[in-house]
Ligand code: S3P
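Below sits a lone chain in structure tokens, taken as the form predicted on its own.
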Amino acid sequence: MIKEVHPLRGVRGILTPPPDKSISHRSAMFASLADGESLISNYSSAADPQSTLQCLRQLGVKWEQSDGVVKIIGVGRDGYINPDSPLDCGNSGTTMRLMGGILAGAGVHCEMIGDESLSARTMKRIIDPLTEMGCNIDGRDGKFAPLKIRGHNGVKGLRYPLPIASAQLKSAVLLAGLFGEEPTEVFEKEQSRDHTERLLGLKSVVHQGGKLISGSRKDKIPIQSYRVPGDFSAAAFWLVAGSIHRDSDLLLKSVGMNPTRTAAMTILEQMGGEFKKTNQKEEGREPVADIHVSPCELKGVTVDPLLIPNCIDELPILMVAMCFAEGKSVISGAEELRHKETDRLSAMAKILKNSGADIEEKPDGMVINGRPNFIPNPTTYPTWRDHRMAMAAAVMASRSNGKSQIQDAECTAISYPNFWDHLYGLS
């Protein structure tokens, strides 16, 4: 499907971003492991969290979904059944990696598969520590899906220093550790998303300048009844759109403000972005707020590499903002972008060059020479069927002086099913 994007006169309106994908995944998984009924409201209808629900059904978990509310009857730690067909994770790395940790710890006999994109993404990061814990998990060529999981003789506690700042890797190890009698401890020097620790209430202490998070079979898995906040990663597209359009007056409702997720806003504020947070509260152990976005004069920035893990998904749209900033922006330490749904560094370099932006791709980042009066070329943007590439290209095209086309635009349904409705509804 090709979507046309015409120049926007401004960015005005009130938007409620879709439910947080990361929290939706986790809420369903953790609810399935709890003893009792969980009611999760505002559950994401995006393709990835729906893949998680379908996998749970194959594992014998009963659930119902109606009007954005998912009711899940937990089966407890030892209640999964061995599925009679492969668990299809679709395009969802979160489903494969987090469920991989759970299923390896639970000793379920199963096979996990994914689409072409997911099958090309390495799973060795979770295979190695899970194997060290005594789990029986292997993949094609030792690192790719399909993953095969075949029981174990007991999960061994492990102290695991995270080699990279990765919430998916951290979570996979901690979730497998919930099936061991002895604690599994994950040490992270650099902060990554902490939804898993928050929603499970796992012990977390400051340790040697980082954090030590631990869990074992002794930890009770709580019922997961709460409202899923709006997805900050989705809101980031509008934070940028509102910042680069001179005629902006945009209100984003009920956005998740977890401090391990909002580095993109920090970077935009360093660039001169103007955001006002109101109606701040907590929902399901997660902070939320409404965000008012005003037009601003952006300036170039050198991104602190320590912020990269907490804005890795937002870096593509931040690159768009940098094209409209005064002066040079530098991103480094972001080689993880090359291991996403597509090589997002290479893909964004092509998108930005198509627009006429002055950029230089680096092995671990990008140098962008921005200018406030930049007018992108009306052009056709490839997306590699990557939802974040499609949405970043659409925001870029909205500042053009003519019609642009976004290829394979339906891929936005992976994380943001109503993205195009929201874009076309702006004035």
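Values in this document were obtained by computation on a predicted structure and should not be read as measured data. Start at 1 with the first residue shown and count on from there.
Below, we turn to the form predicted together with this ligand, even though it does not appear here.
Checking 165, 296, 349, 221 for any heavy atom within 4.5 Å of this ligand in the predicted bound form turns up a single hit: 165.
Contact with this ligand in the predicted bound form, defined as a heavy atom within 4.5 Å, holds for exactly one of 198, 340, 156, 152, namely 340.
Site residues 94, 125 and 193 are all in contact with this ligand in the predicted bound form, judged by any heavy atom within 4.5 Å. Put simply, residue 188 is far from this ligand in the predicted bound form: not one heavy atom of it is within 4.5 Å. Although the partner is absent here, residue 404 lies well away from this ligand in the predicted bound form, with no heavy atom inside 4.5 Å.
Contact between residue 250 and this ligand in the predicted bound form is not found at the 4.5 Å heavy atom cutoff. Although the partner is absent here, residue 291 sits far enough away that none of its heavy atoms falls within 4.5 Å of this ligand in the predicted bound form. In short, of 308 to 316, 283 to 291, 199 to 207, 176 to 184 it is 308 to 316 that has heavy atoms within 4.5 Å of this ligand in the predicted bound form. Heavy atoms closer than or equal to 4.5 Å to this ligand in the predicted bound form belong, across 1 to 32, to the residues 21, 22, 26, ordered by sequence position.
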